[in-house]
Structure formats: C-alpha cells, structure tokens
Ligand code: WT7
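Just one chain is shown here, as structure tokens, and it is the form predicted on its own.
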C-alpha cells in the first residue's frame, strides 16, 4: 500500500504570459529524441577540439555576440560591473597565463574559494582554458570543510582572498603548493601570488588546451544531506546536457536576462550558473553579498530579469519577509521561474505565483546527475507537488529493490537509466562509493523515493532511507511535511520515522512556528489532527517537537539525518553544508 500525494495533487492553472516555450509539446519532444542532434550545436562536433571555455565564451566572443553582456554583476555595497563575452575571453586568457606561470597543467585540480564576485567566474574559466579541473568551494565553508575537499581532491593551487585564507589549513595539505590571492593588499608569502598584479602582466590571449569529451570538467562535492561530502567528477561531454536542458527546461534564449541565484560552490551554480546559459550565449546576472529580500526583488526590476532560477530556501525566506516588499517593485519582466533543491511546499509555491504571476517549475536532479532529469516544463500543465516527467532523452522510473518497475501509486526507488550526457564520471578517489549508485541492476539509484502516477508523472517522496514504515504502511516524509506546512501555525516542518516496538516506526515531526504562535501541547494536538484530517490517521505525527529552524542544506534539502541524530542524542556528523 502507499500514501498518495493527495494534498498536493491540485491542478495548477497556468495562463499565457508572453513567452513561447522552446520545447515542443512533451510527447513530441520526447519521441525519438537523440543527443547526437545536440552535439551538432557545438564547434567540437566539427573540429574535434574540445574545451568548455571555447563553447561558453570564445565562440560567442568571436561572433556578432561578442559585445553582448555575458555577466551583469551587482553588489549592494557598491560594485556594479558588466562583462561582455569579449571581456571574459580576454580575462580568462590572462588568468590562464597566470596559472601556466604557476606551473598548472592539464588535469590538475585547482580549488576556487571565493565570494560571489566576477573573479570567481573568471578563475573558473581560466582553469578550464588550461585544461585543469576546478574544485569550487562555497565561501561560507569553515576550515574542516575546506580541508576535507582540498585533501580529497589533492588540489595544488587555491584561489582565495586574504579574508578567507585563514580557513585554508595549508600546513595540513601537502599537495597545496600555492595560493592566488584576489584583492591582496599587503605583503605576500613566498607561495602566494597577487591576482591583480599577475593579471596586469599577462597576455590577452591564451589558446585553450584542447581536450576530449571524456576529460575532466569539474569536481563538485555533494551537499552533505546523507553524510560526509564526496567528490563528484564530471566530464566535458556534460555540456551537451547543460545546453539542452537550459534551452528546454529553463527555456533560455539569447534575448533573456537570466538570474541563477546559486553559488558556483554548488553544482547548480556551475551547470546552470555558468555552463548551460553561456553555451547558449545568454546574459547572466550575479548578485554578491548576503541575502536581502529588498535587494533581490530590486534586481529583477533593475536588470529586467526574464528567467529566475532559485531554491526553496530562498523562496521561503522571501515569503517570510512578507508581501509588501515585492509589491514595491515592477516584476513584469519575469517570464519563467524554476526551482531546485527540496520540492517547494504548496504554500511557498502559491505565494511565488501570487507575487510574480508565475508558478515556479520544479527541476529534479542531483550533483551526481549533473543536469536536469525530471522537470515541469514551460507550456505544459502541472500539478502542485508534482516533480514532473523525465527530460527527453532520459528515462526515469520507480522500481523495487530488485529493479522491477512498480505500478502507479506505489512508493519505490527513484532511478534513472544510465547514459545521459552529464552523468558523473567518477567519485574522486572512491570507486566503491561510485559503484554503490548502480547497486540496483540496470539503473542509477538516486537514493530518493518516489511515486509514479497513471500519467507517468513522478512525485518525489524524500530520501529512500527516509521512507517511514508505520503500522504496515509506507509513508513518504515529504507528503507529511507538505500537509504540516498547510497548517497556518507551521512555517517549516521536517519528518522522520522513530523506532517503535509496536508499529515498527512512528512519525515524528520537527516544526518551526510562524510568528505569533506559542509552542503548546494543545497546538501539537491541533497540528496532528490537521494532518490526520487531510491525509490519513497513520500519516499523522505521534510526536511533535517545536524547533527554531528545521536543518537544511543550502540547496534547501531537509537534513533528516540531523533530525534523527537530535532524536537519538547522537552526533549529527558533518554539518558544514547546513544552511545558515
């Protein structure tokens, strides 16, 4: 038996908003789709010379698009700059020369530990130009998180700032030979290079190191929702998936102003903050500094953003700030919105629709998949809570532990047929871990659980390990969490299964309250009754703990292992990627 996603399955009314969908009707797009036709969009399909920097920057710089803005940069403290494709060709060449002078060569891993600033993007592009592999690190990482990633990747150079440098434990990293310091304004140690000074002396053109489609592209470390981070290596061929998903699921074209709010320290910030949009020659916006709801909405107005890609965490934070802030700004330029991370709960989705006129479209994928796999698409109706359908050219399904596809309505393992363009190439220095992803015969096992309905639409239910077996029923935590947040007192909710001698497990909820509500036993009973009424008796939480915040990764995924640790009193493990 299963718990149907009944509280979410509300048809979403979508109205025309002045933009044509790039993707044909889904059935037409998916029929006989062949990735070989996408390869033809790249220069390397004709020349045999492969390098992502050529396909994202150089070919646009050398075309009529050369003087178009590739990057708008804005920082609330005053830095506002625009960079054309020609500018980025020149600057990435100069940084490539800096790297070559530092002894960097093809295949080296180079850590980039910078705030969101133009130099971050220039550094990544320059690393690609010399054929090395960037290891982007999120600026909020503290020393242990930085050590774990640099030690595992064996990075021999780290690009950082004097402010972040103390978090790089150089004495513990024998492979790390040099630091390149951005905004260095003092004396340099023997192993330090000034970014600004070295760029001044660098040539304005460096030819890319020509690679194969199977050479390394980037190493990203997983968000840590299931334990210690693992280094996911992607190959150059991933650009084929980045290109087509940016065109069809993000619905991007060259007349768009696109804002991906993700930091390149996360896979969204490279796959869809850099590679995807720039293979299409799209203008991107990058905003520095800390989150500020006023600043965010003002950015849409100032730059006339047409396509906005962000995470549930951000949408929830914007919603918490209230309706008055978005009401101050002209958001009419927006034509499409997408969401990435933990699925949006219905209330947040409805709120975004209310203030922008557009419903965020889900995109399900992972660091390991490298690209969108299951989405709701522009031009197609979708239901609240639905994850969507597999991207054309991929095949996703719901199976049992033996790999047999399950009938509609049953919870099972969310899996994908291997072979899509951006599938990870390896887990860096950990083949046994890589092999675990393919333990279900014939499938890539995502570790997530899902339900597939009669129409082939997939409904995410949570991590497979998080599915709760209670009183003979299987309950996905996400549907319970969605029901919880529909109660007016509940701002956020996280759900786990707690061992129980009689029922196997009971459902336990951690709830953060909306302002104005007091944590009382009476409110616990009221919330539990709400779930029982809206779902089923077995789905109602038997225990509720009130908390200030529900722990999540910065991509919006609820860290249920942390909730289980709280419940058992055990150590929560690596929390370096937890949302502030």
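Everything numeric here is computed off the predicted structure, so don't read it as measured data. Residue numbers count along the first chain shown, from 1.
As for the form predicted together with the named molecule, it is not shown, yet the points below apply to it.
Quiz prompt | Heavy atom of residue 364 within 4.5 Å of the named molecule in the predicted bound form | solution = Although the named molecule is absent here, residue 364 would touch it in the predicted bound form, with heavy atoms inside 4.5 Å.
Quiz item: So in the predicted bound form, does residue 83 come within 4.5 Å of the named molecule, heavy atom to heavy atom?
Solution: No, residue 83 sits far enough from the named molecule in the predicted bound form that none of its heavy atoms falls within 4.5 Å.
Practice problem: Please run the contact check for residue 119 against the named molecule in the predicted bound form: heavy atoms, 4.5 angstroms, yes or no? | Solution: Answer no; every heavy atom of residue 119 is more than 4.5 Å from the named molecule in the predicted bound form.
Quiz item: Is residue 296 close to the named molecule in the predicted bound form, meaning a heavy atom pair under 4.5 Å apart or at it?
Solution: Residue 296: no, not in contact with the named molecule in the predicted bound form.
Quiz prompt | Non-hydrogen atom within 4.5 angstroms of the named molecule in the predicted bound form for each of 368, 460 and 463 | solution = The answer is yes; 368, 460 and 463 each reach the named molecule.
Exercise. Choose one stretch from 238-246, 501-509, 419-427, 260-268: the one whose residues place a heavy atom within 4.5 angstroms of the named molecule in the predicted bound form.
Key: It is 260-268 that comes within 4.5 Å of the partner.
Quiz item: Among 448, 492, 256, 87, which has any heavy atom within 4.5 Å of the named molecule in the predicted bound form?
Solution: Residue within 4.5 Å of the partner: 448.
Quiz item: Which one, 373, 340, 137, 110, lies within 4.5 Å of the named molecule in the predicted bound form by heavy atoms?
Solution: Exactly one listed residue reaches within 4.5 Å, namely 340.
Quiz item: What residues, if any, in 305-334 have a non-hydrogen atom within 4.5 angstroms of the named molecule in the predicted bound form?
Solution: Residues within 4.5 Å: none.
Practice problem: Explain in one word, closer or farther, how the Cα atoms of residue 446 and residue 505 are placed in the predicted bound form relative to this form, where the distance changes by 3 Å or more. | Solution: Relative to the displayed form, residue 446 and residue 505 draw closer in the predicted bound form - a change of at least 3 Å between their C-alphas.
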